[in-house]
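We begin with a single chain expressed as structure tokens, specifically the form predicted on its own.
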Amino acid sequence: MGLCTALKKVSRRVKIVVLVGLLLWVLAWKATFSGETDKTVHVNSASTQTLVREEKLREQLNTWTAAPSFSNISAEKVDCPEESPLLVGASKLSFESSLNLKDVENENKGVTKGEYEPSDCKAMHSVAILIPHRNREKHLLYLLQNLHPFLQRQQLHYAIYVIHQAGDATFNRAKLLNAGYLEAIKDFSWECFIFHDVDLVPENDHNLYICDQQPKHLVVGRNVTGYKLRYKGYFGGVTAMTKDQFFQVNGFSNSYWGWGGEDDDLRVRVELQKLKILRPPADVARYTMVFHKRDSGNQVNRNRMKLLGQTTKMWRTDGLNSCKYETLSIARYPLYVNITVDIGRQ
């Protein structure tokens, strides 16, 4: 009996020793292999400065879009239908000389600080409308009067940004749109951007202001061209690109001062990335161009063809990653966000 008791005590001691040994072995194994995570990753010294700038810009964009949204989207709403039941098709447009901003505000009570979301459902698309602007107050008023109800019938979550060029330097549409893109993503992680001239008003709400898997050109025809495409490669007026598509082509060139060339430059950038430009049906993608004379400070760019010939060489270094500007003010008016920037001069 005493012998059995002694054996049991020895057996328990052996088990304890074995368990302690196993525990020490596991701890030693973990310490050995975790040290491998401290190995240095060697970067190829041949990495170009362009790639570094692109990576820094991407990191900056991710930082901005990670910020809280200024939107009040409700997660409790049901999704809006894929095709809005509010669409009416072609509309007859009118441009009353007596129209004022207060009239348009009263017609769009659902818009707050330039932003709108459907009240009865959760929008399927979030879209930022970017409008380059200087000295076109009446055109802007006409566009706002028609664009707000147009977008609301499409049941979109959207915000309108007007990017105003300060000073009297030659107008630079492309650089303003780059600046608008960089500022808008600080507000919200917009996945779709519409780059929109101030003097083009859409006529048919079946021309959906949403992005696709490929860049979209929304102006197939307008009244002043007999509703025909201006020329085969035309990619101006109103275009739609996702946030990633625009980043992929490095945005617009910043070098086009004055009228013309920047839209063709963007088309070349799109084609270089093996992207295909999509267009809605011609009977839907129709616009009215509000008449105006050539702006002072927006003369025809006589260097546009020379610049266009350099796009294949310059697109990596001339664009979003080299866009320098100073934001002078951001004002959130009832119908739009006004961003005033100093983009320098030629």
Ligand code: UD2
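Numbers for residues come from their place in the sequence shown, where the first is 1. No experiment lies behind these values; they were computed from the predicted model shown.
Below, we refer to the form predicted in complex with the ligand, which is not included among the displayed structures.
In this form the binding site remains open, since the ligand, overlaid from its pose in the predicted complex, puts no atom within 2.4 angstroms of a backbone or C-beta atom. The stretch in contact with the ligand in the predicted complex, judged by heavy atoms within 4.5 Å, is 255-263, chosen from 113-121, 87-95, 151-159, 255-263. By the 4.5 Å heavy atom rule, the three marked residues 222, 230 and 234 all count as contacting the ligand in the predicted complex. The listed set 270, 198, 104, 185 contains one residue whose heavy atoms approach the ligand in the predicted complex to within 4.5 Å, identified as 198. For the options 136, 125, 243, 206, the residue carrying a heavy atom within 4.5 angstroms of the ligand in the predicted complex is 136. Although the partner is absent here, residue 298 sits close enough that one of its heavy atoms falls within 4.5 Å of the ligand in the predicted complex. For the chain shown alone, residue 282 is not a contact residue for the ligand in the predicted complex, no non-hydrogen atom being within 4.5 angstroms. Proximity of residue 215 to the ligand in the predicted complex: non-hydrogen atoms within 4.5 Å are absent; the residue sits far from the partner. Using a 4.5 Å cutoff between non-hydrogen atoms, residue 180 does not count as a contact of the ligand in the predicted complex. Contact residues in stretch 145-173 (any heavy atom within 4.5 Å of the ligand, taken in the predicted complex) are 171, 173.
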